[in-house]
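A lone chain, given as structure tokens: the form predicted alone.
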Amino acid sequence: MAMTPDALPPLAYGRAITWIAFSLTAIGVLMIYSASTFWGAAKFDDPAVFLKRQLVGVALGFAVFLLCARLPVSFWSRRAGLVLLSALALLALVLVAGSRFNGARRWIRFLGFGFQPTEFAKLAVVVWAAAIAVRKGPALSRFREGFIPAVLPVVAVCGLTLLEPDFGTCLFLGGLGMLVLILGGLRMSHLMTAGVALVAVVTVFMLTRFEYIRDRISFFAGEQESYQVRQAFIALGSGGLAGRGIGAGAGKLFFLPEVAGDFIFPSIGEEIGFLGVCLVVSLFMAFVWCGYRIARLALPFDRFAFLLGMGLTAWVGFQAVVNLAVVSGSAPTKGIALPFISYGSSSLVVCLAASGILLSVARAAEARRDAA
């Protein structure tokens, strides 16, 4: 007799999450090497330079994964305030001492390596929102007692991100935090009242101050043509069913910008084809399903674990959707990485950390269920 999803133990989903995360990471390493060889040879006289850097991130990410998988879920609940303060401090530091690239300060560089504080901020926002929702309990539905103290720290994170400037990540962080708080009991009427005014002010501020956002909206509206998106279409469409083969793509020959970074998905379509695209999309769908099941199975025993699991799952799933929407021309161009796959140690490490925490949630839920 086939087992229903409810009959599967939480740890089964946790192990599935682990293998999915590792599989996506492996695909990322392979595609980064394939997509970055020409750029590495031209700029650094080393075709494997980006592969070597990513492997450092993989090693660090696996270490963080193992650590997070062993930490009890209560660790994050007790230290949610410290995690959030650390994120705020890093976001403030990058505005003062961060390296500037394309007119924005988003990286803290040390000993040749870079760290992007906004990636850590995603984890911090989820942890904080889950912890404060449980701590406030029914009071979260009241404006003065719950809404203000829960939302203001998230707004502070978004504000510092906006100052870098990084409008897209600011919206992403705000949406992620609000989603967890809504699941925790935040009243939609309070959110809509504050949100309408805040979104209007921020949008006017960004459109009047930052030229590049107006340009990206113009590209998306069809008023101008985006070279990057056009090249992404060419790469995606030229792969056919099975692709041209690993290493045989043409987009990486300086035609497609950020081919190993935010726009790595078109390279996957070009070299592995429609089958490779379906594989990657299916892995992300499986990640979201397993994460959702872990959170649901934890709900009867630990409300914080439920909210934390839902927030981490939504973060990875929604970020993947945004990246795929951008490279397919379904959303305005935004520099947001494809989780586990895009080049960049910061994103990879925090995504593996999220996977480790989900495994920890699954273990805790299984232990509580066995003890019940």
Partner chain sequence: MSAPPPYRGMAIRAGGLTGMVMVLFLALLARFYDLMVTRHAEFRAAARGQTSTSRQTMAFRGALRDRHGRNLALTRAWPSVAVDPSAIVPEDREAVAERLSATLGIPRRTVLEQLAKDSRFRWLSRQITDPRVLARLPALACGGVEVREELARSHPAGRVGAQLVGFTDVDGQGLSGLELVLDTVLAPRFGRQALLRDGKAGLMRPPVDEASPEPGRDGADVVLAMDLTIQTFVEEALDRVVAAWRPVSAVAVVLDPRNGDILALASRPTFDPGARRNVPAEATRIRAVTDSFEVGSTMKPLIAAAALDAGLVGVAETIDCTEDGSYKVGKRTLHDHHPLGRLSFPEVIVKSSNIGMAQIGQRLGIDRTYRLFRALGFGRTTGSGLPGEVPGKVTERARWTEAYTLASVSMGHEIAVTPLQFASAFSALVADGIIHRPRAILRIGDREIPPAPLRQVYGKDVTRNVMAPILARVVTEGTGTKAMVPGHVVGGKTGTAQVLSRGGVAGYVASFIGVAPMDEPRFTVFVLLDRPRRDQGTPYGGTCAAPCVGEILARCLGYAEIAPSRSTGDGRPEARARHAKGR
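Bear in mind the structure is a predicted one, so any value in this text is a computation, not a measurement. Residue numbers count along the first chain shown, from 1.
This next part talks about the form predicted together with its partner chain, which is not shown.
The partner is absent here; in the predicted complex, the one residue of 292, 115, 120, 167 having a heavy atom within 4.5 Å of its partner chain is 292. 182 is the sole member of 93, 82, 155, 182 with a non-hydrogen atom lying within 4.5 angstroms of its partner chain in the predicted complex. Every residue in the set 186, 281 and 314 has a non-hydrogen atom no more than 4.5 Å from its partner chain in the predicted complex.
Only one of 299-307, 340-348, 23-31, 60-68 places residue heavy atoms within 4.5 angstroms of its partner chain in the predicted complex, namely 299-307. Using a 4.5 angstroms threshold between heavy atoms, residue 239 counts as touching its partner chain in the predicted complex. Interface membership of residue 324, defined by any non-hydrogen atom within 4.5 Å of its partner chain in the predicted complex, is confirmed.
Interface residue remark: residue 172 is not counted as part of the site for its partner chain in the predicted complex, having no heavy atom within 4.5 Å. In the predicted complex, its partner chain sits beyond 4.5 Å of every heavy atom of residue 107. Heavy atoms closer than or equal to 4.5 Å to its partner chain in the predicted complex belong, across 25-54, to the residues 38, 42, ordered by sequence position.
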